[in-house]
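Here we start with a single chain on its own, the form predicted alone, put down as structure tokens.
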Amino acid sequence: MSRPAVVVNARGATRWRYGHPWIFRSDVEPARIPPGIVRVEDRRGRFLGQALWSPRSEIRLRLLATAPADIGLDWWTDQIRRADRRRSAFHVGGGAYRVVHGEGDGLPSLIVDRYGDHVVAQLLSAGLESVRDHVAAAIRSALDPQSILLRNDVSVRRHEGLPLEIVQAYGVSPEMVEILEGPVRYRAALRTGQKTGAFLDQRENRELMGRLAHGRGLDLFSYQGLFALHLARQAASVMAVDSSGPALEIARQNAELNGLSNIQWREANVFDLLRALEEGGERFDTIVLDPPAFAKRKDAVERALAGYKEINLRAMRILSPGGVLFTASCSFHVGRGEFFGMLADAAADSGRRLVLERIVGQGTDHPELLTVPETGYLKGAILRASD
């Protein structure tokens, strides 16, 4: 191969042997090489693989292949097509799902989401950005979309020395796309919505809670109302709460799209509202608690757990006997053990008997590799009040 070579120490090589695709700056010998795809060797000159090279990132190398393959347009096309085939169960008309989940699909720092006939992708490393044209062409070849939008406006790109930008890579992406999710329709804002337009990782959990919903429902941190829409098909009424007025306006439009009139949209701080609901003696039969990430750094975990405990404790106290609580955390730095320990502490303090009916996580189109914990971030539970 004619690619430039990067040398790593034994510790870096061991990470690859144990199934993790990253090698950090401290395990790489200095090299004046621009971002791109490089050949990786150990100190004896033995070939270890090919990787994305990001010279300004703490994560210097991201493994692509352990064999001397020709990593060009055909390679990228084949890898994306393989990932899409693994998601064949999600190929439903008008549906939205994740096609490529970065390291979970062996394509580190690449996110590809499909919204019906349109694709939104994210290139999150300098090494990947260097082959942007190949990646965009491969997405077009493998998925045949009407448009490809690059939502490269993610803050992690700053650590790679990359600009934050939104780029139209192919076709013309609409501002809004109507999506069918089980029995529910919603509009995804491809340019302005969270992540790539919607929270696709909760898709399966939303459909599950739609089947479990009953009585009086409460959807906290509702954003654009997707959980509320599913709840409202089964529940007698739903109160959907979020601090963002613009997000709730889109949620109202989504409710109209589904002909649902039993949702009360409420703009409020969830912490304050939960306190008021508890003090007012309110009770709900179905509660969804899906907050944003409270811990975006390791040093924020303790404070995040305190926040998670407060909202879960209050939700448990206003849960009706026999009621169902769905609770989740998307903070990667809050591990499963810490999350479930927090739930146990909240349950003990609530004085309620809560049964753990199901442990849930991100959708199956967001694969989590056992050897790459960074691919799994969403953890959750379905609890039922047995008292």
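This is a predicted model, so every value here is computed, not measured. Note that residue numbering begins at 1 and tracks the sequence as displayed.
Omitted from view is the form predicted together with a small molecule, to which the following refers.
Asker: Among V270, L150, A96, L305, which has any heavy atom within 4.5 Å of the small molecule in the model of the complex?
Answerer: After the contact test, the surviving option is V270.
Asker: Using a 4.5 Å cut on heavy atoms, which of W75, Y170, F221, F90 is close to the small molecule in the model of the complex?
Answerer: The residue in contact is F221.
Asker: From the candidate stretches 223 to 231, 123 to 131, 255 to 263, 172 to 180, select the single one in contact with the small molecule in the model of the complex, where contact means a heavy atom within 4.5 Å.
Answerer: Checking each option against the 4.5 Å cut-off leaves 223 to 231.
Asker: So, in the model of the complex, is D290 in contact with the small molecule at a 4.5 angstroms heavy atom limit?
Answerer: Answer yes; at least one heavy atom of D290 falls within 4.5 Å of the small molecule in the model of the complex.
Asker: Do R206 and the small molecule share at least one heavy atom pair within 4.5 Å in the model of the complex?
Answerer: Result yes; R206 sits at the interface with the small molecule in the model of the complex.
Asker: Check Q194 for me: does it contact the small molecule in the model of the complex (non-hydrogen atoms, 4.5 angstroms)?
Answerer: Taking the distances in the model of the complex, the answer for Q194 is yes, it comes within 4.5 Å of the small molecule.
Asker: Does the 4.5 Å heavy atom contact test between S237 and the small molecule in the model of the complex come out positive?
Answerer: S237: no contact with the small molecule in the model of the complex.
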